[in-house]
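Here's a solo chain for you in structure tokens, the form predicted on its own.
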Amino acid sequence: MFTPTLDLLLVFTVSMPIVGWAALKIHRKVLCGVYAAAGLAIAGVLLYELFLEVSQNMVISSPHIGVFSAYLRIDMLGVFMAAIFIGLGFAVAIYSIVYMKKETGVPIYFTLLLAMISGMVGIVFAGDLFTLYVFWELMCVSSYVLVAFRRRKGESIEAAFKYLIMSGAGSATVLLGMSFLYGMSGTLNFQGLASAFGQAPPNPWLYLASLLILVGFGVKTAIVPLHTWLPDAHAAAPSPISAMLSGVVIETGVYALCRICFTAFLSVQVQWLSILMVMSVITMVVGNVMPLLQNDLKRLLAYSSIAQVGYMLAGLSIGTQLALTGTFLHLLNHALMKGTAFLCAGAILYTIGTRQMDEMAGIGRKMPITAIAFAISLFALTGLPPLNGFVSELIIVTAAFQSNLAWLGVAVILNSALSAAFYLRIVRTLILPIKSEKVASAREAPLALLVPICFMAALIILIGLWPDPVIRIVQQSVAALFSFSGKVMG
């Protein structure tokens, strides 16, 4: 037993194949999606109850029996991240009911989707590196198979294999780094690591462990130059899975880096964050230049996710409470913005059957609701006010200037301006005159696809106009992150 939220997700994951078998027997495979969405909705209700409990007690933890037993320590940061995962997962499940109805293996699809979300929730609820690693592997293995879900397409198999090799190597690198930490401290508990290394002078083994873990988690986070798997995997996966991979899966790497930076690596934090600062700029530059060369819509959006990771790492590398507030707010905003963008791209692909931008000119004239939601998400990704992306990027830039890192703040501003070039190119494609017969005969996406798209687009506007309630929760989450080190930074 873990927590009601995580237990329920795991129960629905395990029972989904049985439900799927029964649904196929009665020729109602739509029930698979309904069952998955119901499970995520109930998990959301249970998470709200957990939020109320954490608000009162600050931290909820399970008994810590031994080094290699599951240990959960749930604080406000874990609840905040879990809410993002379950929320986007619910939207994707609703969307997938119609989107995947023509596919075979629908029960397997929803089983893997639930398993991936369960893994992500387990990661943010973990109280030690061992538990985090076990759930990390659950998330990774599920995502590998989902990328290869359309196994009859060579593109999907190639992308999944590349993803498997690189991500598997990253996981092995993390495991080696964990072994060094355990050898030096005798514990993998985050609190124990903070106590062991918080005041201890750094040594070569700690530097090596920090480098290994940075590289290992950096692969999943798609930090340049460890990003090469991402454009292939996100483009080849079914569009709802692209939304999950780009919207939240890569964010688990950012979370893991944040969590371990403020526990095990306190004594080498300055050096570690300095390296991340340089890598964040390189990541955002590459992520904003490469989309300029793309004609494949999903591949373009995948590259832009790399740039968004660069903005998050910029906030992490500054290391102050204000900067971390911007980073975690951008985690939420990115999940909404990029999730909406990929779902809109999926709706276009579902309607006209192509990802090539030169073949979809004028599609916005035939799919106005999808096009409006798409444009909202793209403008938000550029950091245009009054949308949510502007708020989080402004906080990161402000934190950079306050920390005498004006060059980093300028880098974020310039890259955000550069991103407008390819985002506006997509908007232009939506409103061009119609040239293709497929576009001319297209209709608006089905209602089941439009509901999650419009809801998320509305949240993009709402958080942009009224960010205060979300910012307060994010500030509590950042305070929980700093509680391991027992200090508060500027």
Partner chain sequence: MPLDLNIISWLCWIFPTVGSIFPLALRGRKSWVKGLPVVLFSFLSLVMALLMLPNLFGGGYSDIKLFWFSLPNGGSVGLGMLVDPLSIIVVNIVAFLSFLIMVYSLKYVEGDRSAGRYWFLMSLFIAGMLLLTLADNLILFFVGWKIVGLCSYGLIGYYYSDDREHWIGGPVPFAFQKPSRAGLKALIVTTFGDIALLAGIIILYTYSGTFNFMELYQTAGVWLAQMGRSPGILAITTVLIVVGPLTKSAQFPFHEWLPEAMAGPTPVSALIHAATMVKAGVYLVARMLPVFFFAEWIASPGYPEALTFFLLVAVAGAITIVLGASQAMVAKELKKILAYSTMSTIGYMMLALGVAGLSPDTLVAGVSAGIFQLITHGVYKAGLFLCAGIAIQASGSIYISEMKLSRKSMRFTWLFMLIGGLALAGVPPLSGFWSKESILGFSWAVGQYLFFAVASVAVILTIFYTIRFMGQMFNGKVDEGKGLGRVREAAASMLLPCGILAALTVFIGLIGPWMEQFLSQLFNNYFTESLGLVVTGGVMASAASNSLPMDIILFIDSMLMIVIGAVPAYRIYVSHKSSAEDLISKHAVLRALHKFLWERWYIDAFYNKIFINGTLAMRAPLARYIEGTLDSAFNVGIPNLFYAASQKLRKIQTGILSINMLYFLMFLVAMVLFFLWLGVL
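Numbering follows the first chain given and starts at 1. The structure presented is a predicted model; accordingly, all values stated were derived computationally and were not measured.
The same protein has a further form, the form predicted in complex with the partner chain, not shown here; the description that follows concerns it.
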query	finding
4.5 angstroms heavy atom contact with the partner chain in the predicted complex for T173	yes
Any non-hydrogen atom of D232 within 4.5 angstroms of the partner chain in the predicted complex	yes
Partner proximity in the predicted complex: K162 to the partner chain, non-hydrogen atom cutoff 4.5 Å	yes
R259 within 4.5 Å of the partner chain in the predicted complex, heavy atoms	no
Position in contact with the partner chain when the complex is considered in the predicted complex, options P385, P368, P225, G353, heavy atoms within 4.5 Å	P225
Contact residue in the predicted complex, chosen from S210, T252, S280, T263 - any heavy atom within 4.5 Å of the partner chain	S210
One stretch from 307-315, 92-100, 343-351, 213-221 that, in the predicted complex, holds residues within 4.5 Å of the partner chain by heavy atom	213-221
Stretch 263-288: residues contacting the partner chain in the predicted complex, 4.5 Å heavy atom cut-off	Q271, I275, M279, V286
